[in-house]
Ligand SMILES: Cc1ncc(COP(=O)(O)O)c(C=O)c1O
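This document opens with one chain alone, in C-alpha cells, the form predicted alone.
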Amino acid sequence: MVHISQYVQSVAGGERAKHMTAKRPEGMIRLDSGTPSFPTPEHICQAAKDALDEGLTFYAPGYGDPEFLAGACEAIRRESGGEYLPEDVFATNGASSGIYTVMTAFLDPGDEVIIMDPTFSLYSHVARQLGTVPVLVPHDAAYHLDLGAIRAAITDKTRLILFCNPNNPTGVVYTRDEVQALVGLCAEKDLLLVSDEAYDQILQPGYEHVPILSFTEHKDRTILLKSLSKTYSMTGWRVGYMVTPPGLTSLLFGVHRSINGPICTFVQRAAAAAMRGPQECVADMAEEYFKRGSLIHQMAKEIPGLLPVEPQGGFYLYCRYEFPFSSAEMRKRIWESGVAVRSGSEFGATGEGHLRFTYSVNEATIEKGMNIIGEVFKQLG
C-alpha cells in the first residue's frame, strides 16, 4: 500500500481541490475563474518573441534576468515609492511559488501562521500540507481587518502573518490606517509580515491600494509577493516576483530554487516589457472591470435573497445569501443549472453562507450567468 503523507491527506479532497479538478460540462458559464478575459497586450507578447529570436531559451541567471529585475525595481518605485535593489528581488512562478517558499522557509510543523477569514484558499492549503497550523482570523462586519482579533490570535507559536490586499474573495481594499496598524502590530510582536498584492492595480473608482512597501517601519521583516497574472492578463505566463529584506533574500531564493526552477528567460523578458513599458493597457482593463463590476453588482442586488458586497478591488463579487443551505450545496445547485461559481466556505469558516462570483469575464457572460442564478434563487425562494 502506498504511504501518503498525513499532511497531504489533510488537504486532499477539500473544496478547493474538488473545484479545481471538477470536469465542467461543455458550455458551462464560468463565473468562478480568476483568469482575465483580455488577451495579453501585444507589446508584451512581442518582447517574448524577440527573446526567443535572440535564443534566450536557457536557464535564467541567478535571481532572474537583469532586465526583469530592473523592471521590478522600477515598478516598486512607481507604485510604492520604495527603493529596492535587484539583489532584493527574485523571479517567482506567479505568486503561488512565493507562498510555498515563505511558508517552507519560516514554518516548522506545529508552527502557526495567521491569515484572514475569508481569504485566498491556497494559504491554508499550503500551511496544512506542510504540517503547520493556519490560524484564520475573521474580518469585522464590513470585511475589513479586525486588529483586536488579530492581536488576540497571536501566540508563542505564531511565526508570520500573511494577507492579500485587495482581498480575495471579498474584493475589499484595506485602508491605510488598518494596514499601518497591522505593520505596527507585527513590529511590536517581531513577526514577519507577508503581503500578497496580486490585484493591486485593479481598483474601482474611489479606492486606493496601500502598498506594503510604502511603509518604512518593520521593513526588515516585511515581504511582498507580486504576480503579473492579473494586472497584465498574463495568468498562463506564470511569472511574478518576491521582494525581501536584504538579510533574507539569499535564504528565500535558495528555498525557491528547491521548489521551482528558474523562470523561463523569454517569459521574464515579456514581464520586463510589461513593467517597463506603457501602462495604458492596465488602465484600460481597469476601466472595463469597473463597468463589469457595476453590472454584476447591480444584477446581484436585484436577486431576492442575495446580498452583495460593493466591489472595491480585484474582480470578484462576494455575496451573502439568505437560504438555509450550505455554501457547498448552493454552489452545487448553481453548477447543475450551468453556471460555475465558488463556494464561500472554500475561503474560510466565515465564508459559510456566501458565494464568490467573478467579473473577469465579458458583460454578455455576466448577464447570462446572473440571469440563470436569479432563476435558481427564484425557485428556492
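Everything quoted here is computed from the prediction, not taken from an experiment. When you see a residue number, it is the position in the sequence shown, counting from 1.
Beyond the structure shown, there is the form predicted in complex with the named molecule, which is absent from this document and is the topic of what follows.
Pick the stretch from 138-146, 263-271, 283-291, 119-127 whose residues have a heavy atom within 4.5 Å of the named molecule in the predicted bound form.
In the other structure, the partner sits against 119-127.
Find out whether any non-hydrogen atom of Thr231 is located within 4.5 angstroms of the named molecule in the predicted bound form, and reply yes or no.
Although the named molecule is absent here, Thr231 would stay clear of it in the predicted bound form, with no heavy atoms inside 4.5 Å.
Should Thr249 be classed as touching the named molecule in the predicted bound form when contacts are defined as heavy atoms within 4.5 Å?
Judged by the heavy-atom cut-off of 4.5 Å, Thr249 is well away from the named molecule in the predicted bound form.
Taking the shortest heavy atom distance, is Thr101 within 4.5 Å of the named molecule in the predicted bound form?
No, Thr101 is distant from the partner.
May I ask you to state whether Arg238 is within 4.5 Å of the named molecule in the predicted bound form, using heavy atom distances?
Yes - in the predicted bound form, heavy atoms of Arg238 and the named molecule come within 4.5 Å of each other.
Only one of Ile161, Val183, Ala198, Leu224 has a non-hydrogen atom within 4.5 angstroms of the named molecule in the predicted bound form; which is it?
It is Ala198.
Are there residues in 84-122 with a heavy atom within 4.5 Å of the named molecule in the predicted bound form, and which are they, in order?
Contacts from 84-122: Asn93, Gly94, Ala95, Ser96, Ile99, Phe120.
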